[in-house]
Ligand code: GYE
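Only one chain is shown below, in structure tokens, and it's the form predicted on its own.
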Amino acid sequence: MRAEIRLLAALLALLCLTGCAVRQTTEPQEGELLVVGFSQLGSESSWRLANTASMTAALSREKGYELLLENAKQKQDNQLAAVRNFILQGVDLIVIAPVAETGWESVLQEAKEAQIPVIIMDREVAVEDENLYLSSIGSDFLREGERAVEWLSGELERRGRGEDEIRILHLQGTYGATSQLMRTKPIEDVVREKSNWSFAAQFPADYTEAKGYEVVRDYLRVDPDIDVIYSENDNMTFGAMRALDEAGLSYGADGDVILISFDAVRKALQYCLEGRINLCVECNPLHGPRVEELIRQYEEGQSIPKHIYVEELIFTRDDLTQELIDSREY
């Protein structure tokens, strides 16, 4: 019995020594992989899949990284659990593509106390203390919405419909996400300002093709009198197009319904070139190389900008060629 006790004591002592050794090893050794925990919000769209592929390629083992990827399936609770798990594992850095802007203070404070830097990617977080994260990198979603609304106003003038009653069917993304909030604001502002613009309806469609199809199909069965569909991502637009086809309504460059879509994935640009989508607002998902460069700058002790916005374009049929579309990475 005493022998067993002595063996157990020896094992406990060994574990304690091992634990102390791990805690004391704070600097990575030469050739060691940098461990990055990545909380991806989901896989709900073509854009999101391209974003994940970009991150996976940029933070590969060949480039010196071990990427721990967690898919939150569009649930913030899953993200919070993933980030806390990364903290427990003692990763070197955390990247978060947040489902929603709010609800991050506590877990970011935990990461800060653990001395783990956090990069916010794609969308943003609303926290009082921006020192809780290292930097954010993504699109200027507000400017995307403003450019779409500016184009729509000009297009209606060009068609001689500047003073007509304009009814807009608005497909919104995941409520509370930066992309939803900022793409929604400009169109709501203009509808309030212009007495002849109104919303036929506004529906959350979760950035998915299935939901976009479902809500547009159901709405058109009740009221097919719409002039514009303002869709906050391409996948919802694809669903809306199917619903319009079933309802026998024309759309696009030569149709009655104007289609505005966000993201500008290759399929959407192809439809735009064919005249089926009127305007594609670009939102570049290829953040992997940008995040990797940011990490390298941080590791080298360089000054890191707090917010980084990616330059993006808008496309109509006149701006596109087949060669340009075929050359796109997403």
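The structure presented is a predicted model; accordingly, all values stated were derived computationally and were not measured. In this text, residue numbers run from 1 along the sequence as written.
FYI, the form predicted in complex with this ligand isn't displayed, but the following is about it.
Colleague: Under a 4.5 Å heavy atom criterion, is S179 part of the interface with this ligand in the predicted bound form?
Modeller: Yes - in the predicted bound form, heavy atoms of S179 and this ligand come within 4.5 Å of each other.
Colleague: So in the predicted bound form, is this ligand close enough to S45 to count as touching (4.5 Å, heavy atoms)?
Modeller: S45 belongs to the contact set for this ligand.
Colleague: Hey, in the predicted bound form, does F141 get a heavy atom within 4.5 angstroms of this ligand?
Modeller: Result yes; F141 sits at the interface with this ligand in the predicted bound form.
Colleague: Using a 4.5 Å heavy atom cut-off, state whether T237 contacts this ligand in the predicted bound form.
Modeller: No, T237 sits far enough from this ligand in the predicted bound form that none of its heavy atoms falls within 4.5 Å.
Colleague: Though this ligand is not shown, can you say which of L294, C283, M55, L279 has a heavy atom within 4.5 Å of it in the predicted bound form?
Modeller: Partner contact (heavy atom, 4.5 Å) among the options: C283.
Colleague: Of 164-172, 149-157, 122-130, 253-261, which is the one stretch near this ligand in the predicted bound form, taking non-hydrogen atoms within 4.5 angstroms as near?
Modeller: Only one stretch qualifies here: 122-130.
Colleague: Determine the residues of 172-209 with a heavy atom within 4.5 Å of this ligand in the predicted bound form and present them in sequence order; the list may be empty.
Modeller: Counting only heavy atoms within 4.5 Å of this ligand in the predicted bound form, the contacting residues of 172-209 are S179, R183, Y207.
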